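Presented as structure tokens, the chain that follows is alone, the form predicted alone.
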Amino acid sequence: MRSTPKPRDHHYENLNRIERLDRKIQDIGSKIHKDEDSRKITCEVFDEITLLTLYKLVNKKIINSMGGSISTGKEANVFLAGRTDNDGIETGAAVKIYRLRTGNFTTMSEYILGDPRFSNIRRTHKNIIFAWTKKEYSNLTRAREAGIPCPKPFAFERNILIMEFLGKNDVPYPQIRQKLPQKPDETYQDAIDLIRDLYQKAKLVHGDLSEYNILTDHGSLILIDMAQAVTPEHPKAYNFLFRDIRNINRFFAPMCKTTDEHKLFHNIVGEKFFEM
């Protein structure tokens, strides 16, 4: 007599899959992180929700492997990953993971709650971070469609964003603060043009622009970290835009002649800036 197979316990299977993925990530972490502080950050990043989300992205074949750490920011960690494109070619990708336990809820709320695209978001810590991830995906998509040089977004899920890796031989392109421009006058104008094009063509204000989130590839500038970018309808959009201009002027002032911030703002927006 044939025995009746036991029903599959999907919850148990999921836990086993999480544990396997967790072991792989811990193996990666042990090779990358040498000090106690770095190991603590790794534990903060790969909580149960994040592990489940990573497994889902692997199951969807968005990525097929996880590599080493690329950067650690105030809100997120970025890792190198393996990915197969639509033509079956193995390529690199960047996996940006927003930390659920230590994400700055107050800062994120300031940028999200005034954005009409995200007016219906529930104001819980977790939902704000999930919206933040979606917002960066949306902003990158919008900027790319407008011809702005920035990473190509591939997918997002909960607190994880998968996007194009910007670098060569697994080494990311440097920030402009790390590789100072050989022709600062030209690079300064390129940076101002990026601010202008982002506003006029993509209808976005970066909102946190500085020498830390502009990469350079043989002199060409690339914008990164677009989660906080807002549309002109945001009540603080003009304040954010003026601050972006001021930050770029501050960075380039020791290297070349800069243009008055109020004049630049007027050239970009067509209005005078009055701080709110």
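Please read all numbers here as calculations on a predicted model, not as lab measurements. Note that residue numbering begins at 1 and tracks the sequence as displayed.
The same protein also exists as the form predicted together with a small molecule; that form is not shown, yet it is the one meant from here on.
Remark: all three candidate residues (S71, A76 and Y212) come within 4.5 Å of the small molecule in the predicted complex, counting heavy atoms only.
The chain is drawn here without the small molecule; in the predicted complex, the stretch among 213 to 221, 247 to 255, 57 to 65, 233 to 241 whose residues come within 4.5 Å of it by any heavy atom is 213 to 221.
Contact with the small molecule in the predicted complex, judged by any heavy atom within 4.5 Å, is made by just one of V205, A191, I160, A94: A94. This chain lacks the partner; the member of P181, P153, P149, P172 within 4.5 angstroms of the small molecule in the predicted complex by a non-hydrogen atom is P172. Although the partner is absent here, I121 sits far enough away that none of its heavy atoms falls within 4.5 Å of the small molecule in the predicted complex. When the small molecule is considered in the predicted complex, L166 lines it closely, a heavy atom lying within 4.5 Å.
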